[in-house]
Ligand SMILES: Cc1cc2nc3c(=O)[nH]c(=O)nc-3n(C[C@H](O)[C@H](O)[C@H](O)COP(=O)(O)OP(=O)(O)OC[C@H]3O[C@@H](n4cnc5c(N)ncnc54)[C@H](O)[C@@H]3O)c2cc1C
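Next up: a single chain in structure tokens, the form predicted alone.
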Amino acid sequence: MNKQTRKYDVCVIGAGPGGISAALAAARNGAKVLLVEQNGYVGGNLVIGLPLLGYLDKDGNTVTAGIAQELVDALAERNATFGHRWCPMHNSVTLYDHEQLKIILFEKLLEANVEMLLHANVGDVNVECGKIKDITVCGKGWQIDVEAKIYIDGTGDGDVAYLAGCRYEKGPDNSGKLQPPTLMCTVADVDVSKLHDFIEKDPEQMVLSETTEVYPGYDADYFRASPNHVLVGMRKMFTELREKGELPVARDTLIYINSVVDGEVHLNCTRHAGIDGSDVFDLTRAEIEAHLQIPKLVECLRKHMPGFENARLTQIYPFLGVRETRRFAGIKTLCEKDILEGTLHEDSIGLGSYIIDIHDGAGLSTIVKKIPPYGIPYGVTVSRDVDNLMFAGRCASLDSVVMSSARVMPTMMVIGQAAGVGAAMAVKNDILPADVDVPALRENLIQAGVLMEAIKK
């Protein structure tokens, strides 16, 4: 075993949307930063075929900017995104080239002097007197003890917080009933115009479950008007196929995400009930199950779905998209009442406004509810149990309903950016994250482009 000790101001674990934003923000504010990632690339859910959702609110007003917008601007410079488009279902859709974003993320991190350690996982967390003294990172026969002043958990599942013994909840009211994960895939040689024509002739295909709130105009004309769209529909056909025993996935709708490449779509269709994404045995079972579902799904679509007659599987993404696992106690918790009422807290560090979006872990359908823009308090990023630990992802201090809205990647980048700035301020002033001057933090974020109020269209 090769052993080494490294020292930093801030250590960010997990290079997904929240972790990357935290690392960039901390480094740009003067901290010496290490970013630890288990994969051989950075981006996490940013690079597995998903769209960016939540830059606009339900009325088309802009609510998300900062680092989240900086990345879209960089994509636009390379003609690698369609930009933001208002959506009657998702509030907004932003499609982009995921491979180009991988490159942009590396460039941004290097420009900010963020040190990266890939192919590495956290194996142990050493807590003394209520603070993390060091963490042990392992990979390829190396054991690296990382000593930092502040640690930011961007793992999604809260692996660092879990190993540190922090309190957490899973599911609504800590029931453990979790939203099911999905393994994304891409298919080519699809003619979506045929599907749009079919929907126009049979509009009942776009009638969704009673729990799904959608504004008028989510129809064939909307999809035809721009390639920048996500289609959730075909419930009538999926129901018929399921009743005949021909549908290989346990869900009630087709979800395809259009691609920036003509004839290509990303499928968000596999569903794996009863899976806990923070359990390595569950993850293994679901990954195998999903890989076996996908070819059957593609064949089913080739046989029954207009426009998919020649569909060809071109990519299965390298890991499951996990919607929900652990949520940890912070010095503040953002609750359902706050987002339903659109509360703008005095200590807000940015906005969320994406729909409440709960995939039923016990059934086939989805709960979708429109909400106003809401403020995200700084305290959701600060651990209540470990003094020098912060959160930059869906493991933050949110209740399960709030998490279903805030889990989208632009909102996670807002939370991550605030955590990174807060960590850098704590290091600079030799204080704990809980003692950071929040008005000064807010001013820093505003100067960096983060929005504290929606920009009216």
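Everything numeric in this text was worked out from a predicted model, so none of it was measured. In this text, residue numbers run from 1 along the sequence as written.
Beyond the structure shown, there is the form predicted in complex with the named molecule, which is absent from this document and is the topic of what follows.
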Using 4.5 Å between non-hydrogen atoms, is Val322 touching the named molecule in the model of the complex? yes
Is Asn39 near the named molecule? Define near as a heavy atom within 4.5 Å, in the model of the complex. yes
I'd like to check something about Ala15: if you look in the model of the complex, is any of its heavy atoms closer than or equal to 4.5 Å to a heavy atom of the named molecule? yes
Gly420: touches the named molecule in the model of the complex, heavy atom cutoff 4.5 angstroms: no
Location of the named molecule contact in the model of the complex, chosen stretch of 150 to 158, 330 to 338, 369 to 377, 98 to 106 [non-hydrogen atom, 4.5 Å]: 150 to 158
Could you check which residue among Ser226, Gln143, Ser365, Asn121 gets a heavy atom within 4.5 Å of the named molecule in the model of the complex? Asn121
Only one of Asn268, Thr253, Gln205, Ser259 comes within 4.5 Å of the named molecule in the model of the complex by heavy atoms, so just point that one out. Asn268
Does any residue in 384 to 399 get within 4.5 Å of the named molecule in the model of the complex, counting heavy atoms only, and if so which ones? Ala392, Gly393, Arg394
